[in-house]
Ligand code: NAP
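Take a look at this one chain, the form predicted on its own, written out in structure tokens.
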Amino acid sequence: MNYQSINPNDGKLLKSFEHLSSAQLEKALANAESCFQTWKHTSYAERAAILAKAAALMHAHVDDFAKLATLEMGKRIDEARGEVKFSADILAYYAKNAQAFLAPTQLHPKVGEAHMESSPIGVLFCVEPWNFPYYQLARVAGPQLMAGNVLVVKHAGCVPQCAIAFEKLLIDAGAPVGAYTNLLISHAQSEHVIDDPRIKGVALTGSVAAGRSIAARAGQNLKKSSMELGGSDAFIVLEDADLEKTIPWAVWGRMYNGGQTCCAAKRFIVLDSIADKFLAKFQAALQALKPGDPMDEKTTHGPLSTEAALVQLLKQVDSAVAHGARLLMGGKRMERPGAFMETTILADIKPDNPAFRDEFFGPVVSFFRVKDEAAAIALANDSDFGLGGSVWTQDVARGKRVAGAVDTGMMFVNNIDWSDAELPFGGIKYSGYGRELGNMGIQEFVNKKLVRTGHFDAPA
């Protein structure tokens, strides 16, 4: 598969790119390794100046970056602008905080002195997805470049222009050649990169299948890896939820980014006493969304990222219905050009239905009624995934209690606002391992070295 920009709003090919040759790939890896030997010795201040400049450039050219994302993967333009600003904020956040995050930590042994110090490990290989074509890059580039590592990055095949634009951003900001390198490479070439002894760590955001493959390859090479994979997040509505506030979050939680978000609300678990009222309001709100060109700010329902993504989602919905699920609304392709799907609600999904376990990456709601709080928690936990989730109640203490009982990497009470550079992001189970963002994100690929000093005699 070559790298292709295809506008999902109309299906037209914008541009295509060839894979790197073996010689070009070798040159990129050699440049990265050479750069690391210098970059690891630069000061935090020198690194921060480059990252802060990159952040400023992103803020100064929000529309240019945003329009590219909308053209390549169909993100609605206002959401694309938000992603660009957040990506810039992540770069600025690490430029400001990295030195403090990685400062030596004093320990207190019984005899002598000891501390932990942090140092970069080398060239990292990052495999990133299309759904947030800048944010996914910023959340590895910000912390890891500031930590003193360098990156070679394979971005998704459908967003090559975004990938190239992000590399150019860092070069324009003053990053040396080799500090951040975009690789237009095949899956087979990716395996070669993981095997290369110059690569010291591997980070992936993507599907469970991709995670299994990449993590296994990294493991065979005894290389540290982090995996941010799929999700099937529960949206738990308790009987005392304020629906005037909950419904807008339900719509946003499922439909943000066309529903193509790992930590989107996907399984709506609603207590029976409020289920009919919630469903009526939720359905009406979803039906009010207006499909259209994602470049048009009046559009509230954009296309899926690719034709293949649409076909896959339609197959999943058809399979769910064939296995007994009830289709409450939608379920079909929209009769218009581009990769548009109707907003869809599936109910009566039994545990033997593939839809009970699957992740729906698009505008498909899985709706469940439960009798009480305990049943809601049990259903939320009956998932192969464990990325995020939310609980909605006017009793905050109760919300925190439910949040504590759900097995995920992230839980939100009366919001789903994960977009803060200070908040660690990641999951458990099939949702992967490791954390990005916050203080934890910069710790993933550094050597935590113990240094102990003392003048004391050897044991007899």
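Quick note: we count residues from 1 along the sequence shown, nothing fancier. This one's a predicted model, so the numbers in the text were calculated from it and none came from an experiment.
A second form of this protein, the form predicted in complex with the ligand, is not displayed here; the remarks below concern that form.
Looking at 313-321, 286-294, 344-352, 213-221, the stretch with residues near the ligand in the predicted bound form, meaning non-hydrogen atoms within 4.5 angstroms, turns out to be 213-221. The closest heavy atom approach of residue 121 to the ligand in the predicted bound form falls outside 4.5 Å. At a distance threshold of 4.5 angstroms between non-hydrogen atoms, residue 96 is out of contact with the ligand in the predicted bound form.
In the predicted bound form, residue 80 stays away from the ligand, with no heavy atom inside 4.5 Å. Not displayed here, the ligand is approached by residue 207 to within 4.5 Å at the level of heavy atoms in the predicted bound form.
With the partner omitted from this view, the residue of 200, 369, 267, 154 that lies near the ligand in the predicted bound form is 154 [heavy atom within 4.5 Å].
Checking 363, 230, 160, 338 for any heavy atom within 4.5 Å of the ligand in the predicted bound form turns up a single hit: 230. Along 122-157, a non-hydrogen atom within 4.5 Å of the ligand in the predicted bound form is carried by 127, 128, 129, 130, 131, 136, 139, 154, 155, 156, 157, in order along the sequence.
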